[in-house]
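Considered here are two forms of the same protein chain, supplied as structure tokens in two stand-alone entries, structure 1 and structure 2.
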Structure 1
Amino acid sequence: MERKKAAVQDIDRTIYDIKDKVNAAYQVEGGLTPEIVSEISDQKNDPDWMREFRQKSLKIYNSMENPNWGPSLEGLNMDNIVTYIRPNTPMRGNWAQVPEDIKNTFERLGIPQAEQKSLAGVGAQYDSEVVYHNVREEVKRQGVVYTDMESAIHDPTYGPMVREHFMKLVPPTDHKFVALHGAVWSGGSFVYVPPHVKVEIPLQSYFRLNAPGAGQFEHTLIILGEGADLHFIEGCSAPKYNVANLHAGCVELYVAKNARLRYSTIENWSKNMYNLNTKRALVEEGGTIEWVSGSFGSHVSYLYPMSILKGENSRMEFTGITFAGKGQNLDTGAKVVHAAPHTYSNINTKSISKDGGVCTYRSSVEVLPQAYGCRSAVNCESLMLDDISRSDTIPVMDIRNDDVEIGHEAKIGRISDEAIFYLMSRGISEEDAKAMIVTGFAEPIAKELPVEYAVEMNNLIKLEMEGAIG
């Protein structure tokens, strides 16, 4: 008799895959030339420094090669990618004024409901521009600035702050696709939380890419003052097309002394998306960065949030889950640099691969010579649900002093028979035991998310238990 298998269903993408008619007010030609970059500058009324920065980034982009490691980028042809598409609406602060088609898209994704329930502020980006931005009055009264990047650049108060920080933490020389970002970026969010201000409920940005063959290059810059506290959530999605789309955003996070920032992401791009996003945090003395990351969508992902623990006693926690199904090659993980004494990092990741999907966990933990008294713990666990999928673990540790405690544990395999046996010995049926184990596998991540997102994540991983796994 054929051994029945439990199946983990594919992500139900119905609501994500609904396409709007492309109704752009303006878009550049496909491809990448100095003229196109200049056209973007014109459209965005860039200050001179930004015009120069974009052109310099383009030169860097042209001088660099694609990475010689990681998933193949052969299907990505920049000549076919439209780097700037402005939707046919200005940015609104009133939801009722957002055009119907765009509003419907975000409403299907549950963004207004989330805002009503528990969010302090929402930014919603559609293709290349932010179309809606709203911040609760009480948050504004605390002195918190949450606005789109273009407004921030032109703001007389915050413009100089943006210029001082923009792509200083992630310079265009870092890698090819961040150079591309420097040349064609548009949209994204700027957040400033003044010293000692605790924002009680999360801020959220949602990025929706609608146009086929387009790229989305939003820039997120968050600056926390000393002792400030913020939870920022970003969500991303796009409908599926039969041409490659590209997401090459950039996130720069500055966490001052004793501040704490939690940055949560649910990435649910469609399966034609190349997701080459770069995220980095600089953490000062006593500060904390917490990353919570769920990677479910995209055709190919390169995603490794990096934390630079610059100040003594600074901390980093990374909690991530990756789910790769058919046609997906998701290369995810984390990077941390311990650059100061008594810094602490903890990386905890899970991955599930099925139906020929490829999950790769890739990480680096670096401890610099001056960073004595450091501790780091890495724990990664991968679950394979069939033998046509792949799951690779590629961690690197580079330790340059002796006063450290570094631990690493990795585990790959199927659900353990012992765990099933244990639960069955407690009176639970075999099927229920297996269902509990697979569901429980994602639990540590789900519990780190606000409840609306935990529900979304659980919906993304629907389990259909029937007989044995494996």
Structure 2
Amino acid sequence: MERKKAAVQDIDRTIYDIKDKVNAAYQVEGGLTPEIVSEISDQKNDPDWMREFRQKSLKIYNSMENPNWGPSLEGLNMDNIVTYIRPNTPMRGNWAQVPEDIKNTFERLGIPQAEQKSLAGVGAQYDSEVVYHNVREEVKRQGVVYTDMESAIHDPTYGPMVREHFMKLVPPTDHKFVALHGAVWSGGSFVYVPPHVKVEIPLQSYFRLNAPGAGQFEHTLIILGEGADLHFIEGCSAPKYNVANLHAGCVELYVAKNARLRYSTIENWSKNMYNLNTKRALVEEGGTIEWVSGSFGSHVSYLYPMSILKGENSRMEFTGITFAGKGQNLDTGAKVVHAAPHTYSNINTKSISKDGGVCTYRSSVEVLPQAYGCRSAVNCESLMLDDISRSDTIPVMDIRNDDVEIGHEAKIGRISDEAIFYLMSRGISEEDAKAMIVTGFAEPIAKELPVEYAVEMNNLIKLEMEGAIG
């Protein structure tokens, strides 16, 4: 078969589209009822407070309507979604003990190599449960706790910490799909970094959804002590099926005084996925949250990481890129609340749409009355590669203090004919010129990632570009 020509080398999509035979040890029926939620609690041996929390969340879910804004969720029918699938293996700390089919999938995705080269610890979730978890001994000796959520809940030392923080920052009343998460969550990661501890190399969790018609609802809770420093990386992927899959995870990040957390995500969901994820950070005095986000794949996405700058001189940086192709409607952006004086936020996003894809940038900057002397800058750029794609920018600013500096800049445009002509005049083909421009457009995002993940992001861009040019 003749390979398609591009300025960047084409890569094989099959590494993401691996479909393992579903070999679950246990799964609930499709749909959502109090009995199914109770069944999940039984399977996970939930403590009483979690059992009550799940049922309360389900009632909230049933009392809420779907959002009446944003992309359509018409194709998502919860009666057909299986909310819990336990793979046929317990969590392992030794890679060799992971079942061959699951191990092969993660190996083709490069997880063990990344762990060996550039990670201080890794967790790998397959459908609803974490199947592998490991952290380097030197990191453990620093007092860093990195484990799956279920182990943390039952830990005598950290269980109370989980209970104190779990879905306090993102309560089930926030919106319908976070209430759903509260009812059926499973898997995910718990990280605690003690005060003044710096983790030199990143931790990573990778979430793989394999079963058709399944939902994945992992919960990530990260707590940094005063002056701590951590880079956490989250990766996600799934093969494509002809039925809807659902991802409704939840991320809660607590950044203490003078601590710094970088949270990087490369999402590569299949194009039958509804990605309705919720992420939020609470930042104390002098603390910093840095978001780096690459959103690829999914049929529909609603994704707006939120930062609450609670303490004086706290900071937020958000750098993100979204790529929407045929049949995709990706509604993404960022939210920030300046709740203290002299806080700072910087949002820098880029989106690319092609083949009729729809990208919407939606942001919210809120400055509370007591937040004097704060600064915020928002910059969003959108690039459309043809006449049938669409890009919208919907910024909202609610400023309740005169003593602030706020800026917003938005650029939406087609790929430049002049730039293509210039490159073609230098002997470069039109196809190669377009690919070079798109890769250059994404470069500011790629440079914020560790090199291994920048390579993955660039590969995903190549995949999205394949067939869009020429």
Partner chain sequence: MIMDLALKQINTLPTPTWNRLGINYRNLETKDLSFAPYSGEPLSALPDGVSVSVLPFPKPELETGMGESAEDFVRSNQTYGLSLRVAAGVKASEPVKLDFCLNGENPTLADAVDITAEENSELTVVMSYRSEGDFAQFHGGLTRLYAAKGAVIHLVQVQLLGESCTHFDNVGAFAEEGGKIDVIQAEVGGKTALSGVKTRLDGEKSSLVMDTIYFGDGSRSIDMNYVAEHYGRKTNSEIHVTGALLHESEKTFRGTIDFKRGSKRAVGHESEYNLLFSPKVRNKTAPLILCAEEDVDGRHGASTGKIGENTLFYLMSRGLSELEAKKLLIEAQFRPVTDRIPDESLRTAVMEYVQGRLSGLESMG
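Computed from a predicted structure; not experimentally measured. Structure 1 provides the reference sequence; residues are numbered from 1 along it. C-alpha atoms forming the largest set that superposes within 1.5 Å between two forms make up the rigid core.
Novice: Would you indicate whether the form predicted together with the partner chain is structure 1 or structure 2?
Specialist: Number 1 is right.
Novice: Having superposed the rigid core, state how many Å the Cα of G427 shifts between structure 1 and structure 2.
Specialist: A shift of 10.9 Å.
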